[in-house]
Ligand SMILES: Cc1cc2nc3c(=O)[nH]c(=O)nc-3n(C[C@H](O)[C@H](O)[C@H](O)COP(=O)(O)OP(=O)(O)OC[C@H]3O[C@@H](n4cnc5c(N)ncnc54)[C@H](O)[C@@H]3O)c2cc1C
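This document opens with one chain alone, in structure tokens, the form predicted alone.
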Amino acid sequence: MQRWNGWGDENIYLELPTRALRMMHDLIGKGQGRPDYPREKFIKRMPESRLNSHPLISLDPKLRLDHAHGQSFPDWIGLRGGKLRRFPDGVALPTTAAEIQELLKFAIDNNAVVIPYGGGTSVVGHLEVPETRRPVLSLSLERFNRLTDLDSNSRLATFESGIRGPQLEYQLNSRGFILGHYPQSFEYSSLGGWVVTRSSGQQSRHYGRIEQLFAGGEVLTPRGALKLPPFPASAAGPDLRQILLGSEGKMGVLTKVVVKIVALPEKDDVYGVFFPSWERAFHAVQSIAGTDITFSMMRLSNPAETMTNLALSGKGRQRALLIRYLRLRGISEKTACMCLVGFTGSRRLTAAARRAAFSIIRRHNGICVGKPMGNAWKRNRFQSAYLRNTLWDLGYAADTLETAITWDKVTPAMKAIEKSLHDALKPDNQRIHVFSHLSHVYPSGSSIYTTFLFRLAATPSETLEVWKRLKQSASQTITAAGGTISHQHGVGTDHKKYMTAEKGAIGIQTLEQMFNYLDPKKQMNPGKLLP
């Protein structure tokens, strides 16, 4: 059962190791947990639905509450602190494209707003219910989740858009294939959600980002069906598939998704590496990224994140042995940078890639500690999100932000982002714990993924104001540094005011005109993406 006011399965709870809790106390002070707002109170104060009745639409209050939010920080404040004020007037769970078409016609006839709902994992406000006098329909694709075709010769698979990550990979793996798209939200996010937010998976260097995996599909718009054939290549004008990618539900409802698949790999190994300093680590990763070495991932943590990861490991003896070994090899735990390096594919190619990559790593004084660290990461890579629940219960707020930027700007941008977060809380004499890693590397640059933790304030409203200050400070720093406002999370409501800086006025107007044509009454997920 999915937790109604937090992340993931309600039966999973991650304990924070004593060492990590002590570190939090030392770095930012002792947190104080706050009572959660009861679900029953939300149900009691939920307003009457403004929708006319329809056999495909449920007005159940619990269902309306569950579809009133995603996983953004304001969503959490709304749920945990009882500040959530707007709810969809009804929730539809269609099982066929014909039912989705019928629901869109109903929405048009009743001047209703439609919010397409995939897995509910958005962390930037894609699912926020707008303040509007029009009725709001949450169109959940949870039951629209089948594999409808697999062409093994063309290496194409066609799915209904609501299928979630584990279901999708089970269907493919049982037939000898894999998509290989693993965002942090993999267990709960949907294929359609990945497409319309331009998602990136943890091993995207090998399998590709979603825009490389997306081959075609079909979108039901208020104007009618928009079909996107899965051509291997085409010079017939601009590629409409690229317009759909990142459109965040504003074009219509993505129903059919055709993706490129590959055979299951012979090898999928991840190795742990430690460097003596950020400078050494950075130059090693940059050098490897600029070659034709066929690695599947490189994930480089800065010293603050390395320290945090070691504190979270929870295995005291193993941690002590590791630190002792690193010291013997000339690496101090205060400056050490942990890196995960993955190799995926055939035995022959992965062996060659591993030799080439580790040759560069050794030249930069990197020390390989083998596969145990990589195996542990693979086992737990979708579990770290559960720590957000644990930290909240202990009185700490946790959130993340990310960007992508060219290599010459990576280190200055990372330092500026972290400094902006520290500076934002200085007027209140509050402390914050901030750390970063490079999660996806490219020949021309890298993403920067930053996590920040701070203590919950006395009231939910005060905590939200602190977060807004932190988010604004970091976002302005990202824009000023020349980075994209989002590498993988999308835009939603949290990032939309920074879109003009990235797209320019003409770019924004172009998108507006296109969306207005497909959705003349502005019914599709209004208030998102565009400023």
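The first residue of the sequence shown is number 1, and the count goes up from there. Quantities reported herein were computed from a predicted structural model and do not represent experimental measurements.
Just so you know, the form predicted together with this ligand exists too; it's not on screen, but the next bit is about it.
J.: Exactly one stretch in 275-283, 231-239, 340-348, 114-122 has heavy atoms within 4.5 Å of this ligand in the predicted bound form; which is it?
T.: Flagged stretch: 114-122.
J.: If the cut-off is 4.5 angstroms on heavy atoms, which of these, Ala357, Leu254, Ile448, Leu137, is the one near this ligand in the predicted bound form?
T.: Filtering the options by heavy-atom distance leaves Leu254.
J.: Give me the residue from Ser420, Asn389, Thr306, Ser185 that has a heavy atom within 4.5 Å of this ligand in the predicted bound form.
T.: Contact residue from the list: Ser185.
J.: Each of Pro265, Ser296 and Asn375 near this ligand in the predicted bound form, meaning some heavy atom within 4.5 Å?
T.: Per the other structure, none of Pro265, Ser296 and Asn375 touch this ligand.
J.: Hey, in the predicted bound form, is Thr403 touching this ligand, heavy atoms inside 4.5 Å?
T.: Contact check for Thr403: no, nothing within 4.5 Å of this ligand in the predicted bound form.
J.: Can any non-hydrogen atom of Glu248 be found within 4.5 angstroms of this ligand in the predicted bound form?
T.: Taking the distances in the predicted bound form, the answer for Glu248 is yes, it comes within 4.5 Å of this ligand.
J.: Within 4.5 Å, heavy atoms only: does Gly193 come near this ligand in the predicted bound form?
T.: Taking the distances in the predicted bound form, the answer for Gly193 is yes, it comes within 4.5 Å of this ligand.
J.: Give a yes/no on whether Ser475 approaches this ligand to within 4.5 Å in the predicted bound form, heavy atoms considered.
T.: Flag for Ser475 set to no.
J.: Taking this ligand in the predicted bound form, which residues along 484-499 bring a heavy atom to within 4.5 Å of it?
T.: Contacts from 484-499: Gln488, His489.
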